[in-house]
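In C-alpha coordinates, the next block holds one chain alone, the form predicted alone.
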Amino acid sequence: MRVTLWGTRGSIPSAGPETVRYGGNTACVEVRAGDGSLLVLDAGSGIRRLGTALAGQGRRIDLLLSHLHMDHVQGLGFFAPFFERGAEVHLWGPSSTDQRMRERLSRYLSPPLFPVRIRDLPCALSIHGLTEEPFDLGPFRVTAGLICHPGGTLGYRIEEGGRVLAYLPDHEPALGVKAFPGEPEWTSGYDLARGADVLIHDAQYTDAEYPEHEGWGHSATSHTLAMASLCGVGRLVTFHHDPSHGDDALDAMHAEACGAELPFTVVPGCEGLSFDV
(Lines give C-alpha, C1' and ligand atoms only; values in the text may rest on other atoms or scores of the structure.)
Protein backbone atom coordinates (compact mmCIF):
# COMPACT_ATOMS: atom_id res chain seq x y z
CA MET A 1 0.00 0.00 0.00
CA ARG A 2 1.11 3.52 -0.79
CA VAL A 3 -0.25 6.18 1.58
CA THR A 4 -0.30 9.93 0.95
CA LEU A 5 -1.39 12.52 3.51
CA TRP A 6 -3.38 15.35 1.90
CA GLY A 7 -4.59 16.90 5.14
CA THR A 8 -3.42 16.28 8.72
CA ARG A 9 -4.92 19.18 10.68
CA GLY A 10 -7.83 18.87 13.11
CA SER A 11 -10.92 20.95 13.89
CA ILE A 12 -10.54 23.74 11.32
CA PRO A 13 -8.15 24.54 8.43
CA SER A 14 -5.26 26.66 9.63
CA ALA A 15 -3.23 27.80 6.65
CA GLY A 16 -0.55 30.39 7.30
CA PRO A 17 3.21 30.95 7.54
CA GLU A 18 3.33 29.15 10.89
CA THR A 19 1.87 25.89 9.47
CA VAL A 20 3.79 25.57 6.19
CA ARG A 21 5.71 22.40 7.07
CA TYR A 22 2.96 20.36 8.71
CA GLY A 23 0.18 21.82 6.58
CA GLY A 24 -3.10 23.53 7.36
CA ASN A 25 -5.66 21.31 5.60
CA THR A 26 -8.00 19.06 7.54
CA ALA A 27 -8.13 15.27 7.37
CA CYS A 28 -7.74 13.46 4.06
CA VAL A 29 -5.60 10.39 3.33
CA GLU A 30 -5.08 8.57 0.03
CA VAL A 31 -4.44 4.80 0.08
CA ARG A 32 -3.42 2.98 -3.12
CA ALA A 33 -3.01 -0.74 -3.62
CA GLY A 34 -0.34 -2.29 -5.79
CA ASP A 35 -2.82 -2.57 -8.69
CA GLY A 36 -3.75 1.11 -8.47
CA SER A 37 -7.06 0.63 -6.60
CA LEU A 38 -7.87 3.69 -4.54
CA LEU A 39 -9.34 4.39 -1.12
CA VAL A 40 -9.76 7.90 0.27
CA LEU A 41 -10.05 8.31 4.03
CA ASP A 42 -12.08 11.35 5.08
CA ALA A 43 -13.02 14.47 3.14
CA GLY A 44 -11.55 17.40 5.01
CA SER A 45 -10.25 20.42 3.11
CA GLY A 46 -7.24 18.37 1.95
CA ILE A 47 -9.48 16.43 -0.45
CA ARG A 48 -9.68 19.40 -2.82
CA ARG A 49 -6.08 18.98 -3.98
CA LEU A 50 -6.46 15.22 -4.16
CA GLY A 51 -9.56 15.63 -6.32
CA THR A 52 -7.66 17.87 -8.70
CA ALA A 53 -4.98 15.18 -9.04
CA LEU A 54 -7.64 12.52 -9.73
CA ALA A 55 -9.70 14.53 -12.22
CA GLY A 56 -10.24 12.79 -15.54
CA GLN A 57 -8.68 9.46 -14.52
CA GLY A 58 -12.00 7.61 -14.84
CA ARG A 59 -11.31 5.08 -12.09
CA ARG A 60 -13.62 3.98 -9.28
CA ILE A 61 -13.10 5.92 -6.06
CA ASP A 62 -14.14 4.62 -2.63
CA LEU A 63 -14.33 7.37 -0.02
CA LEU A 64 -14.54 6.24 3.62
CA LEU A 65 -15.68 8.79 6.18
CA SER A 66 -14.75 8.29 9.83
CA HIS A 67 -17.60 10.57 10.98
CA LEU A 68 -19.56 13.62 9.90
CA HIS A 69 -17.99 16.42 11.91
CA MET A 70 -17.40 19.40 9.64
CA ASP A 71 -13.60 19.12 9.52
CA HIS A 72 -14.00 15.64 8.00
CA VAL A 73 -16.62 16.47 5.36
CA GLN A 74 -16.03 20.15 4.52
CA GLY A 75 -14.10 19.28 1.36
CA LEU A 76 -16.85 17.14 -0.20
CA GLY A 77 -18.31 19.99 -2.22
CA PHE A 78 -14.88 20.72 -3.75
CA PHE A 79 -13.95 17.15 -4.75
CA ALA A 80 -13.52 17.30 -8.54
CA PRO A 81 -14.69 13.71 -9.34
CA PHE A 82 -18.12 14.58 -7.89
CA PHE A 83 -18.61 16.93 -10.83
CA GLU A 84 -17.46 14.54 -13.58
CA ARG A 85 -20.33 12.99 -15.47
CA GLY A 86 -19.96 9.21 -15.31
CA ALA A 87 -17.28 9.15 -12.61
CA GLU A 88 -17.97 6.26 -10.20
CA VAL A 89 -17.76 7.34 -6.58
CA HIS A 90 -18.77 5.21 -3.60
CA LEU A 91 -19.16 7.06 -0.31
CA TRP A 92 -19.05 5.01 2.90
CA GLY A 93 -19.64 6.14 6.48
CA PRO A 94 -21.16 5.41 9.89
CA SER A 95 -24.71 4.09 9.95
CA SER A 96 -27.42 5.79 11.99
CA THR A 97 -30.66 4.53 13.48
CA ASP A 98 -32.62 7.68 12.63
CA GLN A 99 -31.27 9.03 9.30
CA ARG A 100 -29.65 7.54 6.23
CA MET A 101 -26.18 8.74 5.24
CA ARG A 102 -27.56 10.55 2.21
CA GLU A 103 -30.01 12.52 4.33
CA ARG A 104 -27.35 13.51 6.85
CA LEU A 105 -24.89 14.61 4.16
CA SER A 106 -27.64 16.56 2.42
CA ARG A 107 -27.82 18.85 5.44
CA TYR A 108 -24.41 20.19 4.33
CA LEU A 109 -24.58 19.69 0.54
CA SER A 110 -27.67 21.83 0.03
CA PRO A 111 -28.66 25.51 0.37
CA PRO A 112 -28.10 27.59 2.39
CA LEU A 113 -24.77 25.97 3.32
CA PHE A 114 -23.81 24.88 -0.22
CA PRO A 115 -25.22 25.90 -3.61
CA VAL A 116 -25.33 22.40 -5.18
CA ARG A 117 -27.55 19.64 -3.79
CA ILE A 118 -26.07 16.19 -3.42
CA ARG A 119 -28.86 14.80 -5.63
CA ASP A 120 -27.72 17.07 -8.47
CA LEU A 121 -24.09 15.91 -8.59
CA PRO A 122 -23.36 14.59 -12.12
CA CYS A 123 -21.14 11.67 -11.03
CA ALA A 124 -22.45 8.15 -10.47
CA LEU A 125 -22.63 8.40 -6.68
CA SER A 126 -23.49 5.52 -4.34
CA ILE A 127 -23.79 6.11 -0.58
CA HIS A 128 -23.43 3.27 1.92
CA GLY A 129 -23.86 3.01 5.70
CA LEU A 130 -21.31 0.71 7.32
CA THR A 131 -21.63 -2.06 9.88
CA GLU A 132 -18.72 -3.58 11.79
CA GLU A 133 -18.53 -6.63 9.51
CA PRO A 134 -15.31 -6.80 7.42
CA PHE A 135 -15.84 -6.33 3.68
CA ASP A 136 -13.77 -6.26 0.51
CA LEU A 137 -13.17 -3.30 -1.80
CA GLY A 138 -11.12 -4.68 -4.67
CA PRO A 139 -7.81 -5.86 -3.17
CA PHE A 140 -8.52 -4.18 0.18
CA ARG A 141 -10.03 -5.90 3.19
CA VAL A 142 -11.73 -3.19 5.25
CA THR A 143 -12.89 -3.44 8.84
CA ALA A 144 -14.74 -0.52 10.43
CA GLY A 145 -15.36 -0.20 14.16
CA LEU A 146 -16.82 2.37 16.52
CA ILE A 147 -14.23 4.25 18.55
CA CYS A 148 -14.37 6.76 21.41
CA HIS A 149 -15.19 10.15 19.88
CA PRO A 150 -18.46 12.12 20.07
CA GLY A 151 -20.99 11.63 17.31
CA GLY A 152 -20.75 8.01 16.13
CA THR A 153 -17.18 7.72 14.84
CA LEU A 154 -15.50 4.88 12.97
CA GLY A 155 -11.89 3.81 12.90
CA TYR A 156 -10.64 1.67 10.04
CA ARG A 157 -8.36 -1.32 9.61
CA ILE A 158 -7.24 -1.76 6.00
CA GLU A 159 -5.42 -4.88 4.86
CA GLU A 160 -3.84 -5.50 1.48
CA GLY A 161 -1.07 -7.83 0.38
CA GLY A 162 -0.36 -8.97 3.93
CA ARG A 163 0.14 -5.40 5.19
CA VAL A 164 -2.09 -3.53 7.66
CA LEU A 165 -2.91 0.17 7.98
CA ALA A 166 -4.99 1.38 10.95
CA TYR A 167 -6.68 4.80 10.77
CA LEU A 168 -8.02 6.32 14.00
CA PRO A 169 -7.96 10.05 13.28
CA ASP A 170 -10.22 11.31 16.11
CA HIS A 171 -9.91 9.14 19.20
CA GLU A 172 -9.84 9.42 22.99
CA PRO A 173 -9.12 5.92 24.31
CA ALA A 174 -8.04 7.23 27.73
CA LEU A 175 -11.43 8.78 28.51
CA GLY A 176 -12.79 7.64 31.87
CA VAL A 177 -9.80 5.39 32.58
CA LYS A 178 -7.85 5.78 35.82
CA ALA A 179 -4.63 4.53 34.25
CA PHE A 180 -4.01 4.25 30.51
CA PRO A 181 -3.47 1.87 28.87
CA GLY A 182 -5.51 -0.83 30.56
CA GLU A 183 -6.58 -4.24 29.38
CA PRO A 184 -6.59 -4.53 25.58
CA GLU A 185 -10.11 -5.95 25.39
CA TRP A 186 -11.44 -2.84 27.17
CA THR A 187 -9.47 -0.35 25.08
CA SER A 188 -11.30 1.56 22.35
CA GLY A 189 -9.81 0.84 18.92
CA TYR A 190 -7.53 -1.98 20.03
CA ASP A 191 -8.96 -4.60 17.66
CA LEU A 192 -8.57 -2.22 14.72
CA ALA A 193 -4.97 -1.27 15.47
CA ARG A 194 -3.42 -4.42 16.98
CA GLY A 195 -0.36 -5.55 15.08
CA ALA A 196 -0.75 -2.87 12.40
CA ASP A 197 2.28 -2.06 10.32
CA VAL A 198 1.24 1.62 10.40
CA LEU A 199 -1.14 3.38 12.79
CA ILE A 200 -2.38 6.87 11.89
CA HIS A 201 -3.69 8.24 15.18
CA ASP A 202 -5.03 11.39 16.81
CA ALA A 203 -2.32 13.27 18.70
CA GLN A 204 -3.98 16.65 19.14
CA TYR A 205 -2.94 17.76 22.61
CA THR A 206 0.14 18.05 24.76
CA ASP A 207 -0.16 16.32 28.11
CA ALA A 208 -0.49 19.73 29.76
CA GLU A 209 -3.39 20.70 27.47
CA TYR A 210 -5.37 17.50 27.77
CA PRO A 211 -7.02 18.02 31.21
CA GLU A 212 -8.82 21.12 29.91
CA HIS A 213 -10.12 19.16 26.90
CA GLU A 214 -11.00 15.83 28.48
CA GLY A 215 -14.12 14.45 26.87
CA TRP A 216 -13.63 16.37 23.61
CA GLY A 217 -12.70 13.16 21.82
CA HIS A 218 -8.97 13.62 21.25
CA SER A 219 -5.72 12.26 22.65
CA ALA A 220 -2.74 13.66 24.49
CA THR A 221 0.64 12.70 23.06
CA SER A 222 1.35 10.26 25.89
CA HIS A 223 -1.97 8.49 25.26
CA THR A 224 -1.13 8.15 21.57
CA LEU A 225 2.26 6.60 22.36
CA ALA A 226 0.69 4.26 24.93
CA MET A 227 -1.96 3.19 22.41
CA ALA A 228 0.67 2.41 19.78
CA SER A 229 2.71 0.42 22.29
CA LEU A 230 -0.30 -1.53 23.55
CA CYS A 231 -1.29 -2.45 20.00
CA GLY A 232 2.23 -3.48 18.99
CA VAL A 233 2.36 -1.37 15.84
CA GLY A 234 5.41 -0.93 13.63
CA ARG A 235 5.05 2.79 12.89
CA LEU A 236 2.97 5.56 14.43
CA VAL A 237 1.98 8.56 12.30
CA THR A 238 0.73 11.46 14.44
CA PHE A 239 -2.41 13.13 13.08
CA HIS A 240 -5.21 15.65 13.70
CA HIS A 241 -2.85 18.42 14.80
CA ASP A 242 -4.45 21.17 16.82
CA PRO A 243 -5.11 24.33 14.75
CA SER A 244 -3.34 26.43 17.38
CA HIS A 245 -0.11 24.42 17.10
CA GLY A 246 2.32 25.89 14.60
CA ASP A 247 5.27 24.05 13.09
CA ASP A 248 7.63 24.86 15.96
CA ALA A 249 5.16 23.58 18.56
CA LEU A 250 4.64 20.35 16.61
CA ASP A 251 8.41 19.91 16.25
CA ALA A 252 8.68 20.18 20.03
CA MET A 253 5.87 17.65 20.56
CA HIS A 254 7.54 15.22 18.15
CA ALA A 255 10.94 15.65 19.82
CA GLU A 256 9.39 14.95 23.22
CA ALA A 257 7.60 11.86 21.90
CA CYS A 258 10.84 10.49 20.49
CA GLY A 259 12.80 11.27 23.64
CA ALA A 260 12.01 7.92 25.22
CA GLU A 261 13.02 4.54 23.85
CA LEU A 262 10.02 3.17 21.96
CA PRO A 263 9.33 -0.22 20.33
CA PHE A 264 8.02 1.51 17.18
CA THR A 265 8.95 4.41 14.90
CA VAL A 266 7.19 7.77 15.29
CA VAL A 267 6.59 9.77 12.10
CA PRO A 268 5.07 13.26 12.31
CA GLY A 269 2.05 13.52 10.03
CA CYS A 270 2.97 16.23 7.54
CA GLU A 271 0.75 17.24 4.62
CA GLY A 272 2.22 15.85 1.38
CA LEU A 273 4.05 12.97 3.05
CA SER A 274 3.91 9.67 1.10
CA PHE A 275 5.09 6.31 2.41
CA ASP A 276 4.71 2.59 1.80
CA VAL A 277 3.05 0.31 4.33
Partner chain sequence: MQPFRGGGGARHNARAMAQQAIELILLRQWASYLTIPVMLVDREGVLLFYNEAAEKVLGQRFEDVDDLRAESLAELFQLRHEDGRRLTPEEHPLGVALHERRPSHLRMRLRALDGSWRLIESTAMPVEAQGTRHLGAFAMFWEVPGP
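Just so it is clear, the model here is predicted, and its values are computed rather than measured. Positions refer to the first chain, counted from 1.
Just so you know, the form predicted together with its partner chain exists too; it's not on screen, but the next bit is about it.
Put simply, residue 186 is close to its partner chain in the predicted bound form: some heavy atom of it is within 4.5 Å. In the predicted bound form, residue 120 stays away from its partner chain, with no heavy atom inside 4.5 Å. By the criterion of a heavy atom within 4.5 Å, residue 190 is counted among the residues contacting its partner chain in the predicted bound form. Proximity of residue 132 to its partner chain in the predicted bound form: non-hydrogen atoms within 4.5 Å are present. The candidate site formed by 148, 175 and 194 is fully in contact with its partner chain in the predicted bound form, as each residue has a non-hydrogen atom within 4.5 angstroms of it. In plain terms, the part of the chain that comes close to its partner chain in the predicted bound form, with a heavy atom within 4.5 Å, is 175 to 183 out of 175 to 183, 201 to 209, 112 to 120, 80 to 88. Contacts between stretch 11 to 31 and its partner chain, counted in the predicted bound form as any heavy atom lying within 4.5 Å, involve no residue at all.
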